[in-house]
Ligand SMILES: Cc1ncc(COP(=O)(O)O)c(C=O)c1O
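Shown below, as structure tokens, is a lone chain in the form predicted on its own; questions about how it binds or moves come after it.
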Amino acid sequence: MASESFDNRKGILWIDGQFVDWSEAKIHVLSHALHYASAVFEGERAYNGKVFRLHDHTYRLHRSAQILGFQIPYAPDQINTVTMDLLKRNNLMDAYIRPIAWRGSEDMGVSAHSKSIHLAIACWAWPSYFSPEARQKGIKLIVSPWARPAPNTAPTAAKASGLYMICTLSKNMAEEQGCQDALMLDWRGQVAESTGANLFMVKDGQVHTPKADCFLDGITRQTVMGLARGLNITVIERAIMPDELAKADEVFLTGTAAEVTPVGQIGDWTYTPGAVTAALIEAYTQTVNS
């Protein structure tokens, strides 16, 4: 059975300063963001009624907007207060939260100086990005033909909607081949990330992860790196070439939606979720629920 369409759900959203019924949250078809990808967003999770690292997510939302050349007309504290109120109005304790800011529809054209800035926040119950069965044995990834762009070709430090076009293409391709996600390399041919999560590999008890110099330095990524060091696990940020993944003992992804997800296969390389991944899953679960 197909999941419920996101334009036909029950609940309350917040848009441009007002709480509205889910079905009443609309934008015009000539909005600049729809045509030219001038939008930034966040993905957040609430556990037991608390949004994990809400301040950091809201700060990054503002920072992403600044990178795209606009200012969100609501202060971080206002956004945080609205987020918590929205969870209560929807009677949600465990939820996914999606704030998004975008340029409006005052006129049509690439130039964006005259466009108004809008902000909306939605939240809904979303237990897991990947199925429990896939997470238990490790998800399967293809290697995407699309590469993460160089920092001088795209605003790679922003969580901007336009950067996800190649992620959609890559994930669709993966699912068509019976996999759950795709590994993306960068323009240099180095390992970057998956379509919506950061990547880690374990070798000889040490955790290695690509340096985030052309993709988002995820908040979950930062959290898991800190947890690993707290468990006396060495964490190394460096350039990783694809053939190194053939020798990895374990591989896992991290992200707000993905949380900590074991990887069982990338192309022809296979892995068994092991002790390091299990320890970090447990540590992360305890942290977000504390």
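Small disclaimer: the values here were computed from a predicted structure and weren't measured. One-based numbering along the sequence shown.
Keep in mind the form predicted in complex with this ligand is missing from the figure; the text below concerns it.
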Query raised in the report: Which among 80-88, 67-75, 168-176, 190-198 is in contact with this ligand in the model of the complex, heavy atoms within 4.5 angstroms?
Result: 190-198
Report summary line: Students should find that, of I219, I121, V202, L141, the residue having a non-hydrogen atom no more than 4.5 angstroms from this ligand in the model of the complex is I219
Report task. Find out whether any non-hydrogen atom of R103 is located within 4.5 angstroms of this ligand in the model of the complex, and reply yes or no. Result -> no
Query raised in the report: With the partner left out of view, is H57 within 4.5 angstroms of this ligand in the model of the complex by any non-hydrogen atom?
Result: yes
Query - 4.5 angstroms heavy atom contact with this ligand in the model of the complex for W146 - result: no
Query - Any non-hydrogen atom of G255 within 4.5 angstroms of this ligand in the model of the complex - result: yes
**Report entry** Neighbours of this ligand in the model of the complex among 148-183 [non-hydrogen atom within 4.5 angstroms]
**Finding:** R148, K159, Y164
